[in-house]
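Only one chain is shown below, in structure tokens, and it's the form predicted alone.
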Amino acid sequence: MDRPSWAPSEVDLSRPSAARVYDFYLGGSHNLEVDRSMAREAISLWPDLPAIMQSNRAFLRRAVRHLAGQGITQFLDIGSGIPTVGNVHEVAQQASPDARVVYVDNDPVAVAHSRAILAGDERTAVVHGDLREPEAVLEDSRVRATIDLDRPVAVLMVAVLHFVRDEDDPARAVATIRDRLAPGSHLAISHASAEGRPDSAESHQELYRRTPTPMTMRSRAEIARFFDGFDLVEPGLVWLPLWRPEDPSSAGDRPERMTGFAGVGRRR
């Protein structure tokens, strides 16, 4: 196949990419037929998937607006994927033109495209990093040049922790970052869960086992432990559509269909 201009030469285009599949669900253009094929198969098993992904992205925007409203002007988005319309820097800088954002992802396609989009924006940086190596992320020269960890920071882990296996100890990674944050910093998490739709969860996880980033769905109680050391802000850890919806009716009568939990915590 012909390699698109936005795909780095080192990327294997024969396997689906979770970031590109996510881009397809959001209506983006940076995906390939191998990604679209996987997405269509997933949708045939779970027709709500595009709505779930869009609900997740809507939570990201609501969380960033809330955090900006709390005076946060520094954002560290770990597992950022491919930036699309309404991403963190756009939402944050609408609220505060001086807001600074660092995007971190371990997918070279997402990193390359992000750098192309953000070239020339001195208030943003893009880092090729991995949540499983939190020390390396925090010590990266681009992170240190863009974000002052001695002041409050909003760390965003939106739809990323379910791509970290239990054996890679995601709780340790979150705690390592927490311990470097100034009091008043915040952590925003969304995470896939089989609760609410256990009938569809296993088939979806099986699809992601074909990618370099298999998925581990977790229970609400397991997700809540990532907020150790943080005080959850209202309404706590809830189904994705129920976290501070702009229109309460938009959550529908079965918010559990979105099969993910979301929450924001404040560093003590």
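Here the structure is a predicted model, which is why all the values come from computation and not from measurement. Position 1 is the first residue in the sequence shown; the rest follow in order.
The same protein also has a form predicted together with a small molecule, omitted here; what follows describes it.
No residue of the trio I223, F226 and G260 has any heavy atom within 4.5 Å of the small molecule in the predicted complex.
Residues placing heavy atoms within 4.5 Å of the small molecule in the predicted complex fall in a single listed stretch, namely 106-114, out of 93-101, 178-186, 145-153, 106-114. Taking non-hydrogen atoms only, R123 never approaches the small molecule to within 4.5 angstroms in the predicted complex. Using a 4.5 Å cutoff between non-hydrogen atoms, F24 does not count as a contact of the small molecule in the predicted complex. Taking the partner from the other structure, the small molecule in the predicted complex has a heavy atom within 4.5 Å of a heavy atom of G81. Although the partner is absent here, R57 is a contact residue: one of its heavy atoms lies within 4.5 angstroms of the small molecule in the predicted complex.
Proximity to the small molecule in the predicted complex, defined as a heavy atom within 4.5 Å, holds among I72, L138, L118, L131 only for L131. Interface residue among V174, L76, V158, A192, judged by heavy atoms within 4.5 Å of the small molecule in the predicted complex: V158.
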